[in-house]
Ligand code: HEM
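Here's a solo chain for you in structure tokens, the form predicted on its own.
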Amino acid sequence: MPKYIFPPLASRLKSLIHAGQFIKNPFPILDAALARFGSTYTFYMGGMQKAVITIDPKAVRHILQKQHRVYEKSVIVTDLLGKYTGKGLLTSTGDYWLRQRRLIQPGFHKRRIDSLQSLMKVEVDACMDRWAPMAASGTPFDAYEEMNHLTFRIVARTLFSTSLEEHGLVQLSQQISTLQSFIIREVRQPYKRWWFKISGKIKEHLLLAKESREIIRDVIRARKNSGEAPDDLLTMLLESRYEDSGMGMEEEQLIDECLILFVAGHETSANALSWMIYLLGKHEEELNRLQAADSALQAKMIQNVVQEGLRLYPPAWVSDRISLQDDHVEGFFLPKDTMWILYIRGMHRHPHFWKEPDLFIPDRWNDPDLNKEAYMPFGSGPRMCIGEHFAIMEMQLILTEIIRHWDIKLISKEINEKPLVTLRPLEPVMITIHSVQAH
């Protein structure tokens, strides 16, 4: 028998006692345990399933990058999410995933994504126009809700180069929001799954997913019949060819990939942008500096705000992997089927890796010696988020326009984190805006 070396073990009884609190917000419990046990420890999730949690950047990169073939995504993502969204890049694994990634990757290269900027700008300008009456009347609104609305419209526009009003995509937006909320409940409350099943909740949401697929199917068929090939993501997906067969994707695969782009591509950016608006509202001096800067300096400063916002509030705050064989990881030797929890937010805020880790200091990114090893908002390795360039460009564009047009006054003083599958604000991000020209 091999001699395994496990990280220190947190009390199972304590895990059970804290299970309710853990479901609401695991951060205080995880952070306290990390302070006690060090950067890697073993615990029982919800008092039930044994898992190893780490914020050690070397361990995380070992699992996601160096030894990625030895680790696979857990069934939480592949089965639970896949049940509703199909086998898109986010939910597939193994050879199928690799084949799809190779097929789709070229369409997400930086140069290719840059060409989508004009499509994004149409929606951002429309949003700024929609905000003008609220600025004039001083009406408070929830920035999170607005960002959710805007980023969904941007995905629709860049994917299909049409607005939400065409092809019934407004309905799609509502369906995907409903699906996301339910998927989170299934992930977070596994002990209720039997109830979700017998009460017909699962069936009802599977039906909703089917309706979403039909809307996307209509758009794809309309595009094929039109003979047009506008410069958007759908054209890229339709024109992609597998290296081995020279064939394109089947219709169901196309729908899977479109659906996952909606699910993964809008809420993550909406969350990140909401936190950035909150941070700028909270730090007026940063906002004033941004507005006073010339355009070249402002672009660099906005880039810093985006990086710092993603460090403090990474939308993908956690990731998980299951080991497919015994493996040595940073001094530990663990058996096959070990569940690893990669706690990205904990790594992003640990004093060992960052000076004043809980403070919003965008200028830290000007330091050429800043050690970015412990910074992974988009993951790492071959499964690193394919939409990284898209998301960064989108966030920079939206923040640039908001800062150019508006002064932000934050009404919500303290906003707590709501860690679901992604990291959302718990309370509404209530703001008022005033036209910059009005001063």
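Quick note: we count residues from 1 along the sequence shown, nothing fancier. The model shown is predicted, which means the values in this text are computed figures rather than measured ones.
Another form exists, predicted together with the ligand; not displayed. Remarks below refer to it.
In the predicted bound form, the ligand lies farther than 4.5 Å from every heavy atom of Gly309. Within 4.5 Å of some heavy atom of the ligand in the predicted bound form lies at least one heavy atom of Ala264. Under a 4.5 angstroms non-hydrogen atom cutoff, the ligand in the predicted bound form has Gly379 among its neighbouring residues. The ligand is not drawn, but in the predicted bound form it has a heavy atom within 4.5 Å of Phe108. Here is the short version: of Met395, Ile403, Leu34, Val52, the single residue with a heavy atom within 4.5 Å of the ligand in the predicted bound form is Met395. Taking a 4.5 Å heavy atom cutoff to the ligand in the predicted bound form, the contact residue among Ile183, Leu234, Leu150, Leu90 is Leu90.
No member of the trio His18, Tyr44 and Met347 reaches the ligand in the predicted bound form with any non-hydrogen atom inside 4.5 Å.
Partner contact region in the predicted bound form: 100-108, out of 172-180, 100-108, 123-131, 136-144, criterion any non-hydrogen atom within 4.5 Å of the ligand.
Contacts of stretch 293-326 with the ligand in the predicted bound form, defined by any heavy atom lying within 4.5 Å, are made by Leu310, Pro315, Ala316, Ser319, Arg321, listed in sequence order.
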